[in-house]
Ligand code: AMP
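Here's a solo chain for you in structure tokens, the form predicted on its own.
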Amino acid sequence: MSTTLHNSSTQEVVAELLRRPAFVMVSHVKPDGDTLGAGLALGIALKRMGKRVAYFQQDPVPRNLRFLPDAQFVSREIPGDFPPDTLFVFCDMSDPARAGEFLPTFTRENALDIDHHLGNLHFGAFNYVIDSECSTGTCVVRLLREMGVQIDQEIATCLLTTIMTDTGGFMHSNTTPEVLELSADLMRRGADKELITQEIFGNKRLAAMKLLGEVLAVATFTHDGRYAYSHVDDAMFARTGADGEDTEDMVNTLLYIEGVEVASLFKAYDGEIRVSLRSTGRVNVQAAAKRLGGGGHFRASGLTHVGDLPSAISAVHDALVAEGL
């Protein structure tokens, strides 16, 4: 478990979950399968214990995650009659700002932070941050086991989705024997691996494939081919009919090119530049992202850049070089 001060024990978090009557499960902006799946899994379990649960998410549920149980209840709206001691449960974010500008006001004493990212700010009164876990969903597994919750098909589906999202379909180095054993157990409990695979990694729209073609066409390779970067922008969306959801996982396509050790995808749309960073393991992209106000994991991180595309490309390059590119 993380050695950072103010980390809560499994028992402390479970005691708080049992004590509170109502919860708001909070996902981060541009949600992925881990932030949403973790919140849904815990939310479903708490509802079955008679608790009141709402799911806050600033952005709509992405097309590829609408299959998840309870996804239809995710909203920007929180019931007005929730009690003052409602616990806001932040899943998969090191900073509450990742929840977006429409998050209702909350107090630190009513915040639980569940995460597996390096550099988590421990912003809640309760912080359950385990940076050795492959996903936030597997942190939730620890809590469910301590509570004695029966993991049924719906919860298992949400949990396996978190694992498959953050291990890249069991391709990344965080796919340990323990992760595979847990995944097998979740499948025995009803999680449909084939459905999750198809929804998360398949079902690509033709527009997305056209966009990928444009991304690859403008890709740049430097440092003897070890560093690859490219970008997407509004003009590319207009030409292909794609949208922001279609950029999911494109940075990994750059990383999988022969000889590439580090890849960056610059997403210059919606008035900002978001950068996804990936590494095969020699370069710590989490440390590079941290230099620019971002964060994540050793091999997968991200940040938001204030400025234009050329300055973003330059800043990220310099940060990567500082980390040994």
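Predicted, not measured: the structure shown is a model, and the values here were computed from it. Numbering starts at 1 and follows the sequence shown.
Keep in mind the form predicted together with the ligand is missing from the figure; the text below concerns it.
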For this session: Name the stretch, out of 51-59, 37-45, 288-296, 253-261, where some heavy atom lies within 4.5 Å of the ligand in the predicted complex.
Result: 288-296
Exercise. In the predicted complex, does residue 9 have a heavy atom within 4.5 Å of the ligand?
Worked result: no
Exercise. Should residue 133 be classed as touching the ligand in the predicted complex when contacts are defined as heavy atoms within 4.5 Å?
Worked result: no
Problem set entry | residue 117: touches the ligand in the predicted complex, heavy atom cutoff 4.5 angstroms | yes
For this session: Indicate whether the ligand has at least one heavy atom within 4.5 Å of a heavy atom of residue 300 in the predicted complex.
Result: yes
Problem set entry | Sequence-ordered residues of 82-112 touching the ligand in the predicted complex, heavy atom within 4.5 Å | 98
